[in-house]
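This document opens with one chain alone, in structure tokens, the form predicted on its own.
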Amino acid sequence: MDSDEQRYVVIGERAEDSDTIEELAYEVLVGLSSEPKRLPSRFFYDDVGSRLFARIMRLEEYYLTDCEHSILERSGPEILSCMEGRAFNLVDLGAGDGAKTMLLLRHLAEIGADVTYVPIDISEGAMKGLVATIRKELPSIRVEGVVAEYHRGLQWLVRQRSDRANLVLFLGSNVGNFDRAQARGFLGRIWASLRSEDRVLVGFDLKKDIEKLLAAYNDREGVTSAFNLNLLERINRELGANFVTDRFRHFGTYDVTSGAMKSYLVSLDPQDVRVDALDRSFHFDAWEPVHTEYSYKYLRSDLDSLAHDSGFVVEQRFEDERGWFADDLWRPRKGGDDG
């Protein structure tokens, strides 16, 4: 833990990753033994991956950042009014570099709110950078960062902050990385961590022109490609594999039936890859895909159903000017509350 007032704690065995190497090894074994092959997207976010994703968010094609930025800039005070007059935690799930959350924190600093910022992120490198940024730019804001995956971070928060209300942020359409059943389950776990006075703000990428979607996940600079290929580099670093990333390419496509952008790593030629930690090799045929990520897009009716099914009531919906993105403010439905 840092010795300064702005600090963070690490939940898990090591600072570098809350997901253990053993879990990564298990997922690689299961995923590369499956037909078709797959690797979980949550392993994208080591320190290198987190830095690459921060670059993605600044790309011209990646409209999601600008859309949500405009929502928080225009409607931030209205969003935060749900906590007006109360001491509360601003809990930021998957905080990354905290760029969008800074819009809310600046307003809170200006009005002198009694708030503790609780960023939760799996990358200790990202957390160090974020804590340093807050210390420099907003010294009046208290920070209690947590280096952990989401579930452990929320559990820690419940134990440590029982006397304060919580406004939980799950921004950037991160919920879109789950399929519909997984999203209900994850949001249900957030619901279980909250009390009736708490609130959650969830970002959703809305369905739109398909060409816009394709461009956002296949950028001209190749940053999204590097982000995906870093998953193979991480397996090399942590499990002693011998992936040659030049022999794979990133491919992103849109499934109109499921409403999901899907990302793959495609083997460019026949090859065998050894993973020392597993003491085995895996064969890849030429043009064989490895699925790495879903990014689901939503209709507004989907958001209403998802809130209801995971135990929440939609209090307000904030959209950007083009109607491409929505930040939903939800209240947990508790006890005899029928909404």
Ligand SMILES: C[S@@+](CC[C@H](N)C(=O)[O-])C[C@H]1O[C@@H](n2cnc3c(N)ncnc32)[C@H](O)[C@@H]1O
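Bear in mind the structure is a predicted one, so any value in this text is a computation, not a measurement. One-based numbering along the sequence shown.
Only in words, not in the display: the form predicted in complex with the named molecule, which the text now covers.
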Practice item. Could you confirm whether residue 57 comes within 4.5 Å of the named molecule in the model of the complex, counting heavy atoms only? Key: yes
Review point. With a 4.5 Å heavy atom cut-off, would you call residue 191 a contact of the named molecule in the model of the complex?
Key: no
Check your understanding: Is there any non-hydrogen atom of residue 96 lying within 4.5 Å of the named molecule in the model of the complex?
Key -> yes
Practice item. Decide whether residue 53 counts as a contact residue for the named molecule in the model of the complex under a heavy atom distance cut-off of 4.5 Å. Key: yes
Practice item. Please determine, with the chain shown alone, which of 248-256, 191-199, 165-173, 108-116 has non-hydrogen atoms within 4.5 Å of the named molecule in the model of the complex. Key: 165-173
Check your understanding: Among the candidate residues 79, 131, 235, 148, which is the single one with a non-hydrogen atom no more than 4.5 Å from the named molecule in the model of the complex?
Key -> 148
Check your understanding: Quick one: of 224, 263, 230, 123, which gets a non-hydrogen atom within 4.5 angstroms of the named molecule in the model of the complex?
Key -> 123
